[in-house]
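Given next are two forms of a protein chain, the same chain in both, each as structure tokens and marked structure 1 or structure 2.
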Structure 1
Amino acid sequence: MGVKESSKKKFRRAVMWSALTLIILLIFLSIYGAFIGAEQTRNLVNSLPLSVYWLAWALVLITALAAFRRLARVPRLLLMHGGCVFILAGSMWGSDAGHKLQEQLLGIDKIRTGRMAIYEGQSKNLVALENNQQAKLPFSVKLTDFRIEYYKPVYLRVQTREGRSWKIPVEIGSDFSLGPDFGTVTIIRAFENFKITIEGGIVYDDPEPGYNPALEVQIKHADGAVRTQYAFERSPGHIHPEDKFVLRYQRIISDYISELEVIKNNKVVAKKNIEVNHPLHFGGYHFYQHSYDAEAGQYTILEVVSDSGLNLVYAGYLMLCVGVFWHLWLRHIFTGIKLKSE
């Protein structure tokens, strides 16, 4: 019995030291990953050495449940350790290696991650992968509308050549005094796509697709002279040699939104307006708002991410949180209630 107990203690000690070593390595990996950037970190955690590391973590946790019987007998401890196993299992199943394993064992051919650029009014099922190749989704995604939203109010900045400046909220038709030495400023109209004709110099807001926000500004100088200037969002500081003021049209983006439809077998099967951190989930994929056409606002760029293993990860975090809350607070509350009743 003595030899057997001694072997058990040595085995348990080996499991504990293995777990401690893996924790220390995880700390160093986390610090290193914070310095090399998100893309390189993703490549690192999906590499073969790190795949072995994550597998070792899962095996150590499962072994700990067998070696330390109390972990299996006490529900709160079982939830915490089991939750960690679920998180690791879900992460590995959703990794690059996990997707390859799904294809080899189960015949599930899913796109791990990629991007889609879709123009307004068009649908697409091709996803651009990281290796400059393309893959097809079993359905199409259509961009019905794309829009950019701005914080209110937006501003016109007026600056003299000597450096004195004013910040004016954009209100069409309102006069803003620059003081007795400089006169007044009136914002006449706003353009989303400013255009000017070559002949006649007629300015207008072009309804055709495009993006050139501008303001028409009337300046009444202190000497009574009246001059019209244009302030451009994309060309700040644009100025004529005769202009006394430098104008800047400033709008700060608060959000950009893509109105999406999912089309399968020529039918719309899902709809959602997606924005940053509010993706569309359909057919085993999440579609995130990644970027957009900054020049003309005519297309959106979606990040396509497989959801493989995600439910396991969510279940693991739920188990872990319940176990920790139970271990740190609930058991003491239950003990206190029991003592009072006795």
Structure 2
Amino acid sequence: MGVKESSKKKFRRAVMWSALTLIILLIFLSIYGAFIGAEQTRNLVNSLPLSVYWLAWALVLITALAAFRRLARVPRLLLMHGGCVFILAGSMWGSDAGHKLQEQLLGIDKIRTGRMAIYEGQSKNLVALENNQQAKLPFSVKLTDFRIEYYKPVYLRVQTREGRSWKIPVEIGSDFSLGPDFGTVTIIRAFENFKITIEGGIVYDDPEPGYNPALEVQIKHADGAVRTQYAFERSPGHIHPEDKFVLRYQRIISDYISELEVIKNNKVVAKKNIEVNHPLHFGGYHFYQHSYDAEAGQYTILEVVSDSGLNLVYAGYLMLCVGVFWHLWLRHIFTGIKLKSE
């Protein structure tokens, strides 16, 4: 009995030392990863030697659940440690290797991650993968509209050549005084896509694809002279030698919105306006607002990410949090209340 007891003790000690070693290794791996950057760290943690390391984590955790009775019997300890197993399992299932495994074992052919550039009005099922190849989704995604929203008010920044500046909220038609030495500024109109004809220099808002936001500004100088100037968002624009002010049109983006429809067998099966923080979830994938056509606002770029293993990871998160709060907080609160009532 005594020999058995001590060998059990030794085994437990070995398990704890393995756990401590794995934890310390991961601390150093994280710090190393912070130095080499996200991209390289991702490659590193998905490499073969690291797969062995992740498996070791799962193995040690599971062994511990078997070796330490309390760990498996006390629900809060089980939740904490089981949660870690779930997180590991979920992230392995969702990794590149996990996707390959899904294909080999279950015949599930799923794209792990990729991008889709979709023009307004177009529907598409092709996803561009990282290795310059393309893969097909079993349904199509249609972009009905893409738009950018801005914080109100938007601003006109006026600066003298000596560096004095004013930030004027844009209100078409109203005057803004720069003080007796500088005169008055009036914003005449706003353009989404400013163009000017070569002959005659007529300015107009071009409805054709394009993106060149601008303001037409009338400046009444202190000496009575009146001049018209243009303020652009995307470039400082052209400044004449006689212009006293440098102008800039300033808007701060509040959101990017893609209005999407999912089409399967010629039927619209889902609809969502996706924004940053609000992806579309359909058919085992999440679709994120990733980027857009900065030149003309004509297309959106979606990031497509497989949701494999995600529920496992989230379940693990929940178990971990419940276990940790229960073990370190609630348990004491309950005993405290009990003691008081006694």
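The structure displayed is predicted, hence computed values, not measured ones. Think of the rigid core as the biggest set of C-alphas that the two forms share within 1.5 Å after superposition. Residues are numbered by position in structure 1's sequence, first residue being 1.
Q: Between the pair I just shared, point out the form predicted on its own.
A: Only structure 1 fits here, because that chain is the form predicted on its own.
Q: After superposition on the rigid core, does the Cα atom of Leu20 shift by at least 2 Å between the two structures?
A: Result for Leu20: no, shift under 2 Å.
Q: Once you line up the core, how about Gly173: does its CA shift reach 2 Å between the two structures?
A: Shift at Gly173: below 2 Å after core fit.
Q: For Leu105, is the C-alpha shift between the two structures 2 Å or more after core superposition?
A: No, the C-alpha moves less than 2 Å.
Q: After lining up the core, report the Cα displacement of Gly200 between the two structures in Å, one decimal place.
A: Core-aligned C-alpha shift comes out at 2.7 Å.
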